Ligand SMILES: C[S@@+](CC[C@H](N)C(=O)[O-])C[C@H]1O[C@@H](n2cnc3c(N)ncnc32)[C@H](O)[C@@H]1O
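Just one chain follows, in the form predicted on its own, and it is written as structure tokens.
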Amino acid sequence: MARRAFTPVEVRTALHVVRVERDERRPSGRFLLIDGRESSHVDLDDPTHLEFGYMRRIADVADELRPRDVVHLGGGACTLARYVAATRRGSAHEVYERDEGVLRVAREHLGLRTHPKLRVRIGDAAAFLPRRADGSADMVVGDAFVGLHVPAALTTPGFTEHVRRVLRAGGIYALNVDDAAPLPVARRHAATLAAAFDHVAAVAPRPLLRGRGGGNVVLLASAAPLPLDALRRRAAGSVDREEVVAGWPTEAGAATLSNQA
């Protein structure tokens, strides 16, 4: 495949330094970096390609759930919204993105096309989600960060109760967390989820669950039983060696977490 002409793009927005770089392994692939950190990846020719392991695991949830309505806390390049829109025809997506400059870069350089079924609202998810109607979403995806941390306003028990309220029966909240062994951040977030939801699970690379290194932990929460067996089958074939664990990380640390699998 011929390589597309490409020049890296760097934009200083009101909140961040945003940069678009080429994926050297995929001619149509682009990385979105925010303040020097990889935030998103999109394939301009294939919205179903997901480069990041944690995003593939959230996509597994969407594939099993087959949601009609999805709320995305954090936009970036809107990679997951584009994936579900492509694989679940007719699904509707509402994306909350704090930085209008990020949205502008996504539109001008990353092929994002918004439409009535894929809407982006500029502002704070902590303000937008409480205004959403009860039982109006099948899935809520939390993928918003300030640096390496989920914004504090999106981690409170009150906000988590709004997530539960917005979800329909059987709906799932998927929260992406950046952490390192022994998972203090994931434990804290999972405890908040467990106070609001009857069912909680964690998905993470096997080494991280066994107390080595750092990376992404996807926490899943629902009022109904989660499709753990199906998610385990999907993760078993992953190149990232991820595992799906029922329950949540406890103060005993990653060893206890892995023993629950």
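All values derive from a computational prediction rather than experimental measurement. From 1 onward, residues are counted along the sequence shown.
Although not depicted, the form predicted together with the ligand is the subject of the following passage.
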Check: Is there any non-hydrogen atom of Ser28 lying within 4.5 Å of the ligand in the predicted bound form?
Finding: no
Next item on the list: Indicate whether Glu97 is a 4.5 Å heavy atom neighbour of the ligand in the predicted bound form.
Entry: yes
Next item on the list: Report whether the minimum heavy atom distance between Ser222 and the ligand in the predicted bound form is within 4.5 Å.
Entry: no
Next item on the list: Indicate whether Gly171 is a 4.5 Å heavy atom neighbour of the ligand in the predicted bound form.
Entry: no
Check: So which stretch, 121-129, 85-93, 160-168, 186-194, is the one near the ligand in the predicted bound form (non-hydrogen atoms, 4.5 Å)?
Finding: 121-129
Next item on the list: May I ask you to choose, among Cys78, Leu175, Ala137, Val105, the residue with a heavy atom within 4.5 Å of the ligand in the predicted bound form?
Entry: Cys78
Margin query: With the partner left out here, which residues of 27-47 have a non-hydrogen atom within 4.5 Å of the ligand in the predicted bound form?
Written below: Ile34, Ser39, Ser40
